[in-house]
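Just the one chain here, laid out as structure tokens, in the form predicted on its own.
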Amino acid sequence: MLALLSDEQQMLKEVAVQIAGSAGPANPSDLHTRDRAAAWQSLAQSGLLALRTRDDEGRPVGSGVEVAVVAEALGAGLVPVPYLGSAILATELLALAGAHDEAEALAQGVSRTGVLLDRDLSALARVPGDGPTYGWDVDGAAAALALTDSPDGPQVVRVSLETGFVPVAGADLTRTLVRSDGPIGAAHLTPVGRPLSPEDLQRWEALTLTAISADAVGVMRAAVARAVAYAKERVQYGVLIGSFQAVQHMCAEAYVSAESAASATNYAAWAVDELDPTEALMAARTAKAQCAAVARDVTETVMQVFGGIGQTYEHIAHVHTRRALTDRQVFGDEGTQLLRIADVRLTGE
């Protein structure tokens, strides 16, 4: 599909790309030296943390398209800050629950809140429960949001990450993961705002899947661009490796896969605020399924184009692959999404 950005969206993209360029790692060792606090402050000062807060008329400040634009730029830069976890997923949950003051606090960048996921990272955690549960994309966050059942519907609750959670080594080197193996009792839950309606949850899930898909698109597009640039300068047997037909085919297939995922994500981003929640969620599931199906192949192809150096820890290629693999898993891979699409199309539920 042909997707054109407005002048304001193009400016937003340029700001996000500029921040990502200064905050993202050029190689894995940069992940230990980058000033993550400064990057977060830059996002806050640019207003990029406030896209899903609400204006005076109760509408999101930024659309799904604008969220996707920023998420793709930060994904492309492998920026190690919790933009999806705090600025998008948690802020949108708070706004839908009517906790606007807390959403504004996150937008100011003075505090961070993540989300709590179930044992296979495929859904927002339901508590109380026996666990394990995971706090995902929680760098600098003191708490994470989950859901609990209430007589009036799903209730957003805050769970402290300061007790009972320990850091775990996930595949993704750019985002923080913590785990609780013990039960999370009712005494540890703090209700936030009002209960959510089924439409609220569908709208939130549509935005969530779309934002993660946009991050994956950014990761894939940047990885392919690096590989193509390398193929144009790396010489083997006296010629550029980009002159070999096998390398050309690998790069071309990776490019087509990444761009097909981008097309599905662009439509889902538009659908977030323009279609009814059921159809918006279907578009988001389609985008997530497309991104998840190709993310591993695209980024592993890039590692192959780089040859032996692309297989080493010191090279940036595996950081792309690790982030892509996590994007694939979080909130469900292609198998999960396609089964849910089939359920809706075959049963209407």
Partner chain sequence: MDYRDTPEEAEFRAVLRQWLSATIPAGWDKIDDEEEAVELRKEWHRTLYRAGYVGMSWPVEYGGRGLSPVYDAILNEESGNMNAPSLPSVGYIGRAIFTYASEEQKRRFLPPLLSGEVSWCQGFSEPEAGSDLASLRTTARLEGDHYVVNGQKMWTSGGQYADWCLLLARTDPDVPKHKGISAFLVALNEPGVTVRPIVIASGEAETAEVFWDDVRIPEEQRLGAPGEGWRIAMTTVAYERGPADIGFIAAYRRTLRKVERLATERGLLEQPETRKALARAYVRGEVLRLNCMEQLSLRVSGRAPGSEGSVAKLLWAEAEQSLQHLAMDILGADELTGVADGWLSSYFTSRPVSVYGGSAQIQKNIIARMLDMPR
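Numbering follows the first chain given and starts at 1. The structure displayed is predicted, hence computed values, not measured ones.
Here the subject shifts to the form predicted together with the partner chain, a form of this protein not shown in this document.
Each of Trp40, Thr53 and Leu147 near the partner chain in the predicted bound form, meaning some heavy atom within 4.5 Å? Result no, not one residue of the spot touches the partner chain.
The single option of Leu240, Val110, Val166, Ala142 touching the partner chain in the predicted bound form, heavy atom within 4.5 Å: None of the other options qualify; the answer is Leu240.
Exactly one of Ser180, Thr208, Thr176, Asn266 has a non-hydrogen atom within 4.5 Å of the partner chain in the predicted bound form; which residue is it? Selected residue: Asn266.
From the candidate stretches 184-192, 110-118, 80-88, 257-265, select the single one in contact with the partner chain in the predicted bound form, where contact means a heavy atom within 4.5 Å. Checking each option against the 4.5 Å cut-off leaves 257-265.
Quick check on Glu274: any heavy atom within 4.5 Å of the partner chain in the predicted bound form? Residue-level check for Glu274: yes, a contact with the partner chain.
Do Thr301 and the partner chain come within 4.5 Å of each other in the predicted bound form, heavy atoms counted? No.
In the predicted bound form, is there a heavy atom of the partner chain that lies within 4.5 Å of any heavy atom of Ala252, even though the partner is absent here? Within the cut-off, so yes.
So in the predicted bound form, is the partner chain close enough to Met11 to count as touching (4.5 Å, heavy atoms)? Judged by the heavy-atom cut-off of 4.5 Å, Met11 is well away from the partner chain in the predicted bound form.
Partner contacts for 287-314, taking the partner chain in the predicted bound form and a 4.5 Å heavy atom cut-off: In sequence order, Ala289, Gln290, Ala293 come within 4.5 Å of the partner.
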